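Shown below, as structure tokens, is a lone chain in the form predicted on its own; questions about how it binds or moves come after it.
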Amino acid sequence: MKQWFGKATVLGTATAVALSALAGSAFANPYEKYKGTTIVVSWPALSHFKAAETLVEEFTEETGIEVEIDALQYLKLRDRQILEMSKDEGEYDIVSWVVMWKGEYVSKGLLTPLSQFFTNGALVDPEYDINDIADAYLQNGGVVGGTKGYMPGKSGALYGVPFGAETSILAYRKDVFEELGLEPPETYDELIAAAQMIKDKKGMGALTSRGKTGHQVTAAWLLHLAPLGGKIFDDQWNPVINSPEAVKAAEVLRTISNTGPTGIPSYGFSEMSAAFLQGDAAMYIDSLKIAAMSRNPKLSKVDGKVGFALHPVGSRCGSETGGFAMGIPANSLNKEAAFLFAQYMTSKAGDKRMVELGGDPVRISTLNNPEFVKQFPEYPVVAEQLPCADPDWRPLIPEWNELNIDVLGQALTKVITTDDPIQPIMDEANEKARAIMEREGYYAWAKYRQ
């Protein structure tokens, strides 16, 4: 995967090296300076990153930069990364983080801004084209300091590039929809009507969903909150999880639980996906990863029966933004070699290679590649969905874990496991959320101005 060795893309590496010896630095190998350097990469032991190991080997073969990978179970990753990045000299040169962690990492001074590398002409591949990376992925995973501290904005700075990012789409059983004369739902009204029809006429689960108490049930509600026009906070950090839009999302979640496969209140992502893949549900709305899973014979009984469509629209379009990004610790001793690694892995050629290896693309050009479109029918849907991906789908702030699990995760369990009125449940959750934000000082400036 030759990238920017002067004329290497045309003449091949050997010829380019020979020419560089004759012509001087004009054709120099930009990796030569770092040959023999070893960088250590911390990322999760998940399928996308497992697929990336072959590309890492190809990176070393081409550049001479050695790479050691510390792949950890996802739940252990954050604590290990913070430990290493907090040292004067840590072990890691590249870290991959879940988008929720980026603000914490930056606020603690643990990451290196990438601008210093993008201003170095000897490091930056002129064909890298950062504008080709899906903006929703780049902003959600890599930009810190903009609006609300985690959204796009003039005060934001780039600390990472997306790698293993995702958004939400609709998957549905084409055979079931054909039998019932249904079209893929484009709106939430159509979604609810389809769910009721499938339940009534087929007797099978309509839309599968997460529902386990804590993070999982909150994630399920958030999937519907954004397109229905809701937010967690307004622009002054006032919680609005009891707004009409938020209550509507909770009502939708209750309907989904009542018409979906048995067991939703106990489902995490794996269980809700399995319900669709094993034929116990006719629809799925969640991470785009369902597409590859549906083609895996070890996981799926519905291969060849699945169609893909946009996340339904409520008062607006608004799909999930999530997954991983990667950047360079502030205490890395090999920052330039680490940048070359991140650039290589997320380049146009690297992104295409990741698809060939079974990973997920982050570039629009890859999603629109005609060869891949023929092979992966979800790619055009994802490309069309991404402009609607909501950077404020969930607040990427340190307090989110408590709000997510202890407040919303408890309230929404009541929503899907009882018939209690929903408004009072969400009112109580809103009061608890406000108390947390008060405790953490979010209203200090407002009080100061009074």
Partner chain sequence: MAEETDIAVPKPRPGGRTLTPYFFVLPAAIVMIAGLMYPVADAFYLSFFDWKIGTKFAKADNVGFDNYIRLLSDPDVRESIWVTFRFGFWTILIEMVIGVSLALLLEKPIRGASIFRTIFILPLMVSPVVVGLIWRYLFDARVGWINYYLGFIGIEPQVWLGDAELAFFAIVFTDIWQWTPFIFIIVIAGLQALPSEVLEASRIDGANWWQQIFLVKLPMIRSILLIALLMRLIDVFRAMEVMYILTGGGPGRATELLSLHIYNRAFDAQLLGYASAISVLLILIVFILSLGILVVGNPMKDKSDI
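Residue numbers count along the first chain shown, from 1. Only a predicted model underlies this, so the values are computations on that prediction, with no experimental measurement involved.
Form predicted together with its partner chain: not shown, discussed below.
In the predicted bound form, its partner chain sits within 4.5 Å of a heavy atom belonging to residue 104. Among residues of the shown chain, residue 344 is not one whose heavy atoms approach its partner chain to within 4.5 Å in the predicted bound form. Its partner chain in the predicted bound form is not approached by residue 183, whose heavy atoms all lie more than 4.5 angstroms from it. Its partner chain is not shown here, and in the predicted bound form it never comes within 4.5 Å of any heavy atom of residue 193.
Contact with its partner chain in the predicted bound form holds for all three of 88, 262 and 440, each having a heavy atom within 4.5 Å.
Stretch-level contact analysis of 405-413, 43-51, 383-391, 57-65 against its partner chain in the predicted bound form, using heavy atoms and a 4.5 Å limit, identifies 405-413. Only one of the listed residues (231, 289, 78, 353) places a non-hydrogen atom within 4.5 angstroms of its partner chain in the predicted bound form, and that residue is 78. Contact annotation: of the candidates 317, 124, 357, 274, the single residue with a non-hydrogen atom within 4.5 angstroms of its partner chain in the predicted bound form is 274.
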